[in-house]
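The chain below stands alone and is given as structure tokens, in the form predicted alone.
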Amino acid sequence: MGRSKENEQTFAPCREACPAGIDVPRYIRHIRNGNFDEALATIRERIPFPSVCGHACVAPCELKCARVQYDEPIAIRLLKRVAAEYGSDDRKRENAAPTNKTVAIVGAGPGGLTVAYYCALKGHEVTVFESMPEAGGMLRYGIPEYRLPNNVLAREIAFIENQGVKITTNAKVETPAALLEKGFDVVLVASGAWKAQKMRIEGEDFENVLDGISFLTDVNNGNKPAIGSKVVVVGGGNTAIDAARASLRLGADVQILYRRTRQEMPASVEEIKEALEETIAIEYLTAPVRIGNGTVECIRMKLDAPDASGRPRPVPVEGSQYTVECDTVIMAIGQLADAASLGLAANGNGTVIVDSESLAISHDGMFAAGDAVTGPSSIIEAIAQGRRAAMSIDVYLGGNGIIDTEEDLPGMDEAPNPKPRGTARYGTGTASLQDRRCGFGLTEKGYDRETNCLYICPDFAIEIKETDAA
């Protein structure tokens, strides 16, 4: 999704790359100066999930960091975590005067909660309906704790609730339009993309075949699914990698089957690297063709001309079939939105049909945002969608649609001298391989509070002390 019209002016490349338009140079310079409160306030100008993004964002900003042309990108994502861990929320924004307008939100994932947060700031009364036992959506049920601890997410959600948002869990909404009949002025659908895609191969409905999101939901609920000692995961996205790494932590030997090469894998580079470190095997150019009782029949693939996704299309290599033994197969080839199940007009891929600018549904008083509109996307993209929807809802309810304010933050001194080209950014280190294989503790260590940041985007590097604490 492209940047909305609110951000047509030119910013630093890292900020331009952020779907939510976070002022990256400003919060990093505040961290360099040890002003963690100001850094956190800067991030909160644009998103309500600084710590979540600090742990699990795909960090498109780092791909555009100007430092890349010299050596490595700045640790932009991790520095959000620094701000969240060491900054305070003393600069919390106050809500506008009550408008006596009511907003119902279906789904408590990152998109829906972002809408809730900004609508509350604008003075509207917000109620979020979540079908699951806890709020968070895919943040809570799709990302394992070794990447995003539940207590981190809980703090972020509590911050949103403290802004006046009411969240009702175990509250499945069958027909969002019915909420208008109950008296809400606006309904926002942010139901996500939870429907597992199927490969339509023989044996896919066997009892020992699980879908990736259902498996991760079970794991994130604190259960230990009986997956046996050998697990095959099919797919190449973050869900597949997370399912594989979670299976490893449950004691299984794990093999991933992916039909293209590592270069085409949609999973994040860091996730793939850490999975390989944990001795998870990845069979590239391989696809399952049949699932049997304790076996998976596979076939080798080769890459052909690009398909609709722009990636090389994998085609089977005749006569290359072979068999893999396993106890469980986890299918993680993608998820779909399911607008039709909510009684909403749907595109061919299951997403809600909306106005491309306002995100309004054809039914008056209804909007949609997040994965329900885009299909499976990243956390920061869902947040950006939520921002757009919140602006549109505020306008619909008679407001000006302005959800950001100019924070009264202290000024900053001049940029420091640049670090020499070839200066690598400081790593944080990770938990030991033994600890990673045996439990769901946080894999990635953070940075120490005592920072020495010699960087401001785009021409400078950063030095920051490494901590031994996870």
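Throughout, we count residues from 1 along the sequence that is shown. Please read these numbers as outputs of a predicted model, since none were measured by experiment.
Although not depicted, the form predicted in complex with a small molecule is the subject of the following passage.
The small molecule in the model of the complex comes within 4.5 Å of a heavy atom belonging to A108.
Contact annotation for S131: at least one heavy atom lies within 4.5 Å of the small molecule in the model of the complex.
Proximity of I256 to the small molecule in the model of the complex: non-hydrogen atoms within 4.5 Å are absent; the residue sits far from the partner.
Contact check for K302: every heavy atom lies farther than 4.5 Å from the small molecule in the model of the complex. Looking at 290-298, 344-352, 320-328, 170-178, the stretch with residues near the small molecule in the model of the complex, meaning non-hydrogen atoms within 4.5 angstroms, turns out to be 170-178.
Note on the partner interface in the model of the complex: the residue among R147, K195, K230, R93 having a heavy atom within 4.5 angstroms of the small molecule is R147. Between the small molecule and the residues I31, A56, C61, L40, the one pair within 4.5 Å by heavy atoms in the model of the complex involves A56.
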